[in-house]
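Presented as structure tokens, the chain that follows is alone, the form predicted alone.
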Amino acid sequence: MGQVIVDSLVRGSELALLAVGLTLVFGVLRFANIAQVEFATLGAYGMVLVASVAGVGILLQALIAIVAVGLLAVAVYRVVFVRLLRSSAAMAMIGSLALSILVRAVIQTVTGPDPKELDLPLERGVDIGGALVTPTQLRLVAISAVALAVLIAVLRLTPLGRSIRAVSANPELAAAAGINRKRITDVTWFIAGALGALAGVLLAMDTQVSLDMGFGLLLPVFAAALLGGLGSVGGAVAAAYLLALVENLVLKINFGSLVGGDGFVPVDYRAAVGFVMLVVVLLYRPQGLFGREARRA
């Protein structure tokens, strides 16, 4: 059971960063940005690019990549999504899917299809309560927890956070109260891009850099955001860790024992677990597990 908890914390930390970025943008603009997961891919490849052109340490590589992706997210919003949103939210969502495909095509053209490895030292696993975990995974969980805690504190305790929540709750009333909606939207996109890039950086440090690292998380990220109630940051975080726990529990169950044999769910079907969980929950609670929070950032 200890290994299940550790694996769930690592998986949930990755999903939570992306799900929060997705739900923040939805709260402010009311459209689901499919390309959110590609911010993770851009963050990971950004580290590879920085490492190839500048001999800086891993921390500075990560910081440069995260800030660059955050700024790129704002630029993409202004150039692409402002125009698409004038048509409809559905058009913007379709455009985000096209953008997601384009991003991976451009990266493949520039770097090639082969996965990349970050220049990191080999680490020995640590036994914690019978669970094997690497120091990188411990850092991943800690960094994600700190980033999410800081974001929630900013949203709840600062004027900027209150402005984001006001725009999310009622854009027209927020504008009438003197809140600069354009600035708040830009800030929201920067946060979403930076969180996505951070998820990609942490995932790359734990595994490797690949073209499909973001797209492979699309279904569980959407499942976590929907389960938490789109627009709810706290809900997205809780749902991400809950979903990760359910995924790992299902992977450990020997379903073949029901007929006297062995039959475990292949790890390739991990994403399907989130889809089934999403369908079941939404059948009985369409607003998600934390629906009361779905109207607020």
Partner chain sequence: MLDFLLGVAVVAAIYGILAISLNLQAGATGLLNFGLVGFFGIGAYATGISTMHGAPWPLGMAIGLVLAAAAGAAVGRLGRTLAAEYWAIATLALAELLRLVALNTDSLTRGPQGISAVPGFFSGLGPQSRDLAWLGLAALVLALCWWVSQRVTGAQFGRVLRLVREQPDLAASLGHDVVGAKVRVMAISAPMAALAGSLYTHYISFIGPGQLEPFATFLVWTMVVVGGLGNAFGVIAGAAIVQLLFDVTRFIDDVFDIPSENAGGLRILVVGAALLGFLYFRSGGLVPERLRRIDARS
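Only a predicted model underlies this, so the values are computations on that prediction, with no experimental measurement involved. Positions refer to the first chain, counted from 1. For the two forms, the rigid core is made up of the largest set of C-alpha atoms that agree within 1.5 Å on superposition.
Not on display, but discussed next: the form predicted together with the partner chain.
K.L.:
Given that the partner is absent here, state which listed stretch (162-170, 111-119, 190-198, 141-149) has heavy atoms within 4.5 Å of the partner chain in the model of the complex.
P.N.:
This holds for exactly one stretch, 111-119.
K.L.:
Give me the residue from 89, 128, 175, 157 that has a heavy atom within 4.5 Å of the partner chain in the model of the complex.
P.N.:
By the 4.5 Å criterion, the partner-contacting residue is 89.
K.L.:
If the cut-off is 4.5 angstroms on heavy atoms, which of these, 202, 217, 226, 184, is the one near the partner chain in the model of the complex?
P.N.:
Flagged contact: 226.
K.L.:
Look at the candidate spot formed by 15, 24 and 244 and say whether the partner chain comes within 4.5 Å of a heavy atom in all three of them in the model of the complex.
P.N.:
No: none of 15, 24 and 244 comes within 4.5 Å of the partner chain in the model of the complex.
K.L.:
Wondering, does residue 271 line up within 4.5 Å of the partner chain in the model of the complex on heavy atoms?
P.N.:
Yes, residue 271 is a contact residue.
K.L.:
Using a 4.5 Å heavy atom cut-off, state whether residue 179 contacts the partner chain in the model of the complex.
P.N.:
Taking the distances in the model of the complex, the answer for residue 179 is no, it never comes within 4.5 Å of the partner chain.
K.L.:
Flag residue 153 as yes or no: does it have a non-hydrogen atom within 4.5 angstroms of any non-hydrogen atom of the partner chain in the model of the complex?
P.N.:
Residue 153: no contact with the partner chain in the model of the complex.
K.L.:
Are any of the heavy atoms in residue 278 no more than 4.5 Å from a heavy atom of the partner chain in the model of the complex?
P.N.:
Yes, residue 278 sits close enough to the partner chain in the model of the complex that at least one of its heavy atoms falls within 4.5 Å.
K.L.:
Quick check: residue 273 between the shown form and the other one - does its CA shift reach 2 Å or more after fitting the rigid core?
P.N.:
After core superposition, the displacement of the residue 273 C-alpha between the shown form and the other one stays below 2 Å, so no.
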